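Take a look at this single chain, the form predicted on its own, given in structure tokens.
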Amino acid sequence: MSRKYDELMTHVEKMQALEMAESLFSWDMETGAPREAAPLTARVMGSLSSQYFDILTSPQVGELICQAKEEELNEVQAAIVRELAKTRDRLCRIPAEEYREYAELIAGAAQVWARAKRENDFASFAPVLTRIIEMSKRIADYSRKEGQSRYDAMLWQYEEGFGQAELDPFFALLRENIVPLLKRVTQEGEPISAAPLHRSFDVEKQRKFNCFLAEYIGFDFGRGVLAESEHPFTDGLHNHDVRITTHYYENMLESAMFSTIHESGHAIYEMNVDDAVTLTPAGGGASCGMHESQSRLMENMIGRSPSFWEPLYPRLQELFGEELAGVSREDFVRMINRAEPSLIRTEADELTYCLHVMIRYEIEKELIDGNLGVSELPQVWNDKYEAYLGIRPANDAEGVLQDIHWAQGSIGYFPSYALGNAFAAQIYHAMGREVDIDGCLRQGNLEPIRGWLKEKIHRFGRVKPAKELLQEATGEDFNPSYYIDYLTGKFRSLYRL
């Protein structure tokens, strides 16, 4: 009998309902809400968040969690109680009034950021960002464990077990191997021109192809929605309601395609979470890095492979015959895999991508340590881009304002992107031992690939921690050498080095 667990779940249902309502408002704010809606809607979202906070931090729920831990629970039930206890412990350290104030601040910040980006006006966003950073620092101080640094507390929210002690050597390894490889590619490699991909591509035709592409990858439109937003994202309410967005550019054909593949990778993860886990604190992905591994694996290792485009490229040519005239499938594949320093992280190639993440990681450390002020951000950002990538943003819209994450309060999130790439390479290598990946792609049959990922990773949700999932799926602990080997082999071959 699990009577206390059952009683606890009645409170969990209320909490999940509040979370879902807040997610729906957030989705609407970024996809269809009027521009002037933000201030008042933020108050509603703050109220929902406050109600969630009150339930989870109540003495009654705390007592039920303790009592449920003593009952005989199955693996899923134990994971739900574990995740609930972990979140409660963090929130109980935060004063209720500050929690609500922060929730309201974040709820309205995204639209301030979006307007600032559209108008290339960092100064209009700076006061909001200053408040976010200061409040994030206070909340991290409330919730960090004994002996844990403030920034590590932020990092652990997204990738437990990966603080600066783990990330510093990881990024050093990438820098040591990837920077010299990039130098060889740019100086010695056979040049690849992508000019044909920057012709004028009708956006309505792009929408048609992207809907097809999402479904081809495995996105179920009976359980999901594809919309548009300034910054592509995925919002998984539960495994039967997963929403993704993309962003179209008339003169950048590949942008929306790979954003759609990327977000579909996230969505398939959410859709494949087991029914017993979804709509509970153990639903969703095991960690941000594990979630990112699924989107990056699908976007890059699957979506940019020559085999993937064998059955697909003729369909793309049907839509854009004139625009892609004279572009063979082999040429197209080389173009979508090219490596060249660029300003926008979401448009970055595989080889330079982690340099974008390193810049943000270094900046975040300085922001949180107090060594860098918000007013200095544009200058420092531009200097680091020039130092790492040899290019300098012409304005703040393509510089410090390009990402939404800080407006969402997601400080400490960026390193998960780099870890996700490394997780993906390790998982892809393990999957290749059991699945004929290229054969499946040539046949246009992704089911064996999705099935392997569902069995090894997706169905568990957050029942198993990311490190445990990675170990069980691949047979070893985190090993970034697979990522280094993957990039080295791919780009030496691509650029004929």
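Residue numbers here begin at 1 and follow the sequence given. Predicted model only: the values in this text are computed from it and were never measured.
Same protein, other form: the form predicted together with a further copy of the same chain, not shown, and the subject of what follows.
**Q** Closest heavy atom of P59 to a further copy of the same chain in the predicted bound form, within 4.5 Å or not?
**A** P59: no contact with a further copy of the same chain in the predicted bound form.
**Q** Does any part of A21 reach within 4.5 Å of a further copy of the same chain in the predicted bound form? Heavy atoms only, please.
**A** Looking in the predicted bound form, residue contacts with a further copy of the same chain include A21, since a heavy atom lies within 4.5 Å.
**Q** Any of the heavy atoms of E13 lying within 4.5 Å of a further copy of the same chain in the predicted bound form?
**A** Taking the distances in the predicted bound form, the answer for E13 is yes, it comes within 4.5 Å of a further copy of the same chain.
**Q** Are any of the heavy atoms in H238 no more than 4.5 Å from a heavy atom of a further copy of the same chain in the predicted bound form?
**A** Within the cut-off, so yes.
**Q** Tell me, please, which stretch of 43-51, 442-450, 60-68, 468-476 lies within 4.5 angstroms of a further copy of the same chain in the predicted bound form when heavy atoms are compared?
**A** Only one stretch passes the 4.5 Å heavy-atom test: 43-51.
**Q** Please state whether all three residues Y249, F258 and L355 have a non-hydrogen atom within 4.5 angstroms of a further copy of the same chain in the predicted bound form.
**A** No, the whole trio is out of contact, none within 4.5 Å by any heavy atom.
**Q** Which one, I391, V76, V225, C211, lies within 4.5 Å of a further copy of the same chain in the predicted bound form by heavy atoms?
**A** Selected residue: V225.
**Q** So a further copy of the same chain isn't shown here. In the predicted bound form, which residue out of L279, V374, V380, L343 has a non-hydrogen atom within 4.5 Å of it?
**A** None of the other options qualify; the answer is L279.
**Q** Could you list which residues of 22-38 come within 4.5 Å of a further copy of the same chain in the predicted bound form, counting heavy atoms only?
**A** Contacts from 22-38: L24, F25, D28, G32, A33, P34, R35, E36, A37.
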